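In structure tokens, the next block holds one chain alone, the form predicted on its own.
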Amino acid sequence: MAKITYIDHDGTERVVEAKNGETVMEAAVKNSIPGIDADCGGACACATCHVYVDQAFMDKVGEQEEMEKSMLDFAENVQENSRLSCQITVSDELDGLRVTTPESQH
């Protein structure tokens, strides 16, 4: 299990416990985190689970694959630390992960 902090674009923080093996997006959906729309259900076929990963965790969340890079082209306000939360798998190493949702997923 890992504790993940989801931060709304307005600064509101919500901490949830996520199971190893599920994605950061799945944990968000299960816990009704606002700002994670997840329209495609985690198939990496949209960009509605876009998050900004805290810089301290960038080396721990893994590298983007080509499909994710392609889908991020559809996201607004992409930054260096942008990721699709459906592509980040929870592990003990991600305990304490902090991600921020953008103002809009559309």
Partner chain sequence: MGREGLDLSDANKIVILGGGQAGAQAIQSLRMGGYEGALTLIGDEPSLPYQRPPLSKAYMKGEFAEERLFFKPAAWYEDNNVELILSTPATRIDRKNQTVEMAHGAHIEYDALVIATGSRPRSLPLEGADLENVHDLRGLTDVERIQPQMIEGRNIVIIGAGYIGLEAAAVARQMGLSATVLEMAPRVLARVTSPVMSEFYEAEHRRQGVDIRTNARLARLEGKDGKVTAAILEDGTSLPADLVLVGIGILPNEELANEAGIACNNGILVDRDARTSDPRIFAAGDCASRPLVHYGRSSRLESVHNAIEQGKLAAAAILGKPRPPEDCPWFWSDQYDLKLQIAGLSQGYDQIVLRGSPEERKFAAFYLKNGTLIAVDAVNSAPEFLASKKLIMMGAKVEPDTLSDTTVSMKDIAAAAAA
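Positions refer to the first chain, counted from 1. Keep in mind the model is a prediction, meaning the values are calculated, not measured.
There is another form of this protein, the form predicted together with the partner chain, and it is not shown here; the text below is about that form.
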Just to confirm, residue 79 within 4.5 Å of the partner chain in the predicted complex by heavy atoms? no
Partner proximity in the predicted complex: residue 65 to the partner chain, non-hydrogen atom cutoff 4.5 Å: no
Are any of the heavy atoms in residue 91 no more than 4.5 Å from a heavy atom of the partner chain in the predicted complex? no
Spell out, yes or no, whether the shortest heavy atom distance between residue 45 and the partner chain in the predicted complex is within 4.5 Å. yes
Are 21, 30 and 71 jointly within 4.5 Å of the partner chain in the predicted complex, each by at least one heavy atom? yes
Residues from 83-98 in contact with the partner chain (non-hydrogen atom within 4.5 Å) in the predicted complex: none
